[in-house]
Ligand SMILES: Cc1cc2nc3c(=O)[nH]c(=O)nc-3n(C[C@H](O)[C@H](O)[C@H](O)COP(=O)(O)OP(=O)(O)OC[C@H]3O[C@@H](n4cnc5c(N)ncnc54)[C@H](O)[C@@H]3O)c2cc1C
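As structure tokens, one chain now follows by itself in the form predicted alone.
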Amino acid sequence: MTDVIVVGAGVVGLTTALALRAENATVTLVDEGRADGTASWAGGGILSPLYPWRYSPAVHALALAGARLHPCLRDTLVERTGIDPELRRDGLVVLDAEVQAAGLAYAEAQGIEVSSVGIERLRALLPGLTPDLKHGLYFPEVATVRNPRLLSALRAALEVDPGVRFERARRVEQLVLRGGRVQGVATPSGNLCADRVVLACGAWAGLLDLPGGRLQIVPVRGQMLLFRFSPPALEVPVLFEGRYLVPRSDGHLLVGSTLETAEFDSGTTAEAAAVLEEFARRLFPMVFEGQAPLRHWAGLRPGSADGIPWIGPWPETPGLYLNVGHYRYGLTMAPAAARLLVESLMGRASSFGHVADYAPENRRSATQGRAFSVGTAAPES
């Protein structure tokens, strides 16, 4: 029998499995194998909350810890698989005039490098930027990662590990319990056995019936556009009015994203494409002149009522652990969230200062009776 079942093979489930293997625990990864809709590959890969000063300390702290662990994760994956997740530290330019003072105060309080840039520096960082925007904040330490390559590298590292078993195209219908303890999970093709189960299945975690009730986690759709330029049109990611542009090293350029409550519909809409395209053309009119998007897709983020993830043991059920509800920042938080989860599962104390904020026993009371809305968990406006 495997030591731990991890439900979900997105970035959170995969990093959790990697962290468990570092503790010599055998792992079975169970994943429904959806062709689309998952959040891990769909976003822009910015390793920072957007406008982090608008979030709770718990969200900011976990995201910052995760971002700091990504270089080590990249090095490990390149060594084991040869796949480069393309971690780039190009910084981030924030163009919203109304956030300049708040951004500077946040950076000073957190000891984060930032500079206020005027028109000449702005034009050097962002060639082709509309002349309507003359000031910005440049955060040079912000990094990006290429999500699909990160996922490919994580899967490749785990697939060759003899202590990991993948159970693909298997939908978890419910937990298997005996005497109130976890004994595994039930799938349409039979039960999988383990006395410890970690739920890391993103937005779909809210569909499972748990002892004590369902989690208050709902899908929040985000739509993206992809362009291609040769040579690359931008070198530095840009944030403005809650949307962003993220360049890749090969000339691809991501434009995102929307925030929509659309149940589990991961389809795209012409309306969203028009909004994103208009945003890009308004910021860089000459750059995008005559350019058409190559692709248009959507992902479903796991939204929680206050935007804080659930990490740790489920109080009603010995052996059940959660690593869910990371909303827009699962990619950023994943290495730190995995470390916290494994420390909890192994019964070790953590030096991380906000552990209690993520504990399911505390999260339940914090969100009891609160309905999720895009506005509460997405303070980007």
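Bear in mind that the values here come from a model prediction, so they are computed numbers and not experimental data. We number the residues from 1 along the sequence you see.
The form predicted in complex with this ligand exists for this protein as well; it is not shown, and the discussion that follows is about that form.
The partner is absent here, but in the predicted bound form a heavy atom of Met224, alone among Leu215, Leu95, Leu129, Met224, sits within 4.5 Å of this ligand. In summary, among the residues Leu62, Leu322, Leu340, Ala42, the only one with a non-hydrogen atom within 4.5 Å of this ligand in the predicted bound form is Ala42.
Only one segment in the set 175-183, 232-240, 77-85, 201-209 has residues whose heavy atoms sit within 4.5 Å of this ligand in the predicted bound form; it is 201-209. This ligand in the predicted bound form comes within 4.5 Å of no heavy atom belonging to Pro335. Within this chain, Val30 lines the site of this ligand in the predicted bound form, having a heavy atom no more than 4.5 Å away. Contact check for Arg165: every heavy atom lies farther than 4.5 Å from this ligand in the predicted bound form. This ligand is not shown here, and in the predicted bound form it never comes within 4.5 Å of any heavy atom of Gly66. Applying a 4.5 Å heavy atom cutoff to this ligand in the predicted bound form picks out no residue from 102-126.
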